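To begin, one chain is listed below as structure tokens, in the form predicted on its own.
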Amino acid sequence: MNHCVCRLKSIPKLHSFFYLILLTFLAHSGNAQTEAPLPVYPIPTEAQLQWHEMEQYAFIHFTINTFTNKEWGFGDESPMLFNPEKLDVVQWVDVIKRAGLKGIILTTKHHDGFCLWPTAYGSHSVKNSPWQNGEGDLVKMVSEACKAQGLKFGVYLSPWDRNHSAYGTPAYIEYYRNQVQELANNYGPIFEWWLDGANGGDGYYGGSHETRRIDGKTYYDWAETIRLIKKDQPEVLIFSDAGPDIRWVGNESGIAGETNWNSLSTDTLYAGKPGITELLGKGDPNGKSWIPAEVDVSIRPGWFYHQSEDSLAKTPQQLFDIYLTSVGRGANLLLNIPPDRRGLIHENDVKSLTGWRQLIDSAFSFNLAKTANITADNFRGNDSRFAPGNLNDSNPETYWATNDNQLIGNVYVTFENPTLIHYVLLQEFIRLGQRINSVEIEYKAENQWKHLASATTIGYKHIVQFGPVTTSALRIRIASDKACPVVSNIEVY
């Protein structure tokens, strides 16, 4: 019974009155024992915890731009151009799933305003295209294909619309929210709603052919729009430059900050605000809200398919390097994979994705720490519930922790025989917040400890890469200036 008390205390948010009663009962049952560490706020919600566990998923940019060879359509493109005669969303989902990606975020409307579903609020959509004789609904097709294969489904609905005549006026906000509600009501469940900072500029705008500027901080009244989204999709996470649930990492190169705090204060932030990219990349150790970083990057130079880029898809090694600088630094990876004009993921992209998956599987196929002996200088209250053996028990709900007054701890990983190693993977128990700001890794050589690698933050996951060495033991020095370290997992490859 007391073991259950420890687990329940680590859960950051209670989701029902019944659960609160159960926790109170368990907390007063059994003998007194070492208290679990108190949370260091902010802490993630259950939906954010599930998002962290996804680690990587796909972005699909596919619309009228695919057929005009543009990245940003002007808004004057005829719907008659949209006609992917061999479109196969099952192929998309199969390729994406085999690459190890856990979901798809579909660009339902880009800046050109063309909608991939038959919206009831305008004519600029698939219902006026020759594709499936105007009866098609690509959003529904992708949503249902994801459900059938166990992938999560998300949407991107561009706030900027270069086609709509009312853009820049209050009437456009009503139009945009009507489309928000169409998507939220008809295509769920939606795990992530993606918004960006491209707002205002030149466009078609119903034939006016002019430049329109908006105040990105106030025009959209995002608080109300987000309220509408979450009313119909209560578990959805909202991505934008500043969250409120997931933040942009500040670049589109596939790189999260080597220091990457999941916390951020959003009091003065808004989508498109100049000069915030460094903050978004690193986060803020004193931030008030849990807003983790997402790394968005395309497998090709562009976000939409261009035949001229068929030979320029990122190689498996380039994708593997991106994996280490995104997922390997505690961020989630959103990899854009643009279908071609046929409506298929191009063969070159498939080849790169297949090779990438093989590199990941090869590098991380056998966890050497699983059979190693793991010890520590100290653990909380000398209580087995917080012992270093929890670090390689394959249970994400157990962890090693020190006493409250011990902000530094050494963990030792000892192998039965000298072993060639290349990576160390570390995970904090983030249900209790993000704490660690310093990691030093040493290896034993000639009966001496020698420096191997160092890192700063860990968060959900940090993969430390170094030149391969052969050793019989590692010493991992973990420090926090916030509260005692709490680590759930160590892996060695």
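The shown structure was predicted, so the numbers you read here are calculated from the model rather than taken from an experiment. Counting begins at 1, following the sequence as shown.
Keep in mind that the form predicted together with a small molecule is missing from the display, and what follows is about it.
Shown alone here, Y323 lies farther than 4.5 Å from the small molecule in the predicted bound form, counting heavy atoms only.
In the predicted bound form, no heavy atom of Y220 sits within 4.5 Å of the small molecule. Contact check for E252: a heavy atom falls within 4.5 Å of the small molecule in the predicted bound form. Using a 4.5 Å cutoff between non-hydrogen atoms, D296 counts as a contact of the small molecule in the predicted bound form.
Checking 448 to 456, 38 to 46, 428 to 436, 54 to 62 against the small molecule in the predicted bound form, the stretch whose residues place heavy atoms within 4.5 Å of it is 54 to 62.
When the small molecule is considered in the predicted bound form, only one residue from F415, Y176, W356, Y156 comes within 4.5 Å through any heavy atom, namely Y156. Out of the listed residues H110, R247, R329, H124, H110 is the one that sits within 4.5 Å of the small molecule in the predicted bound form by at least one heavy atom.
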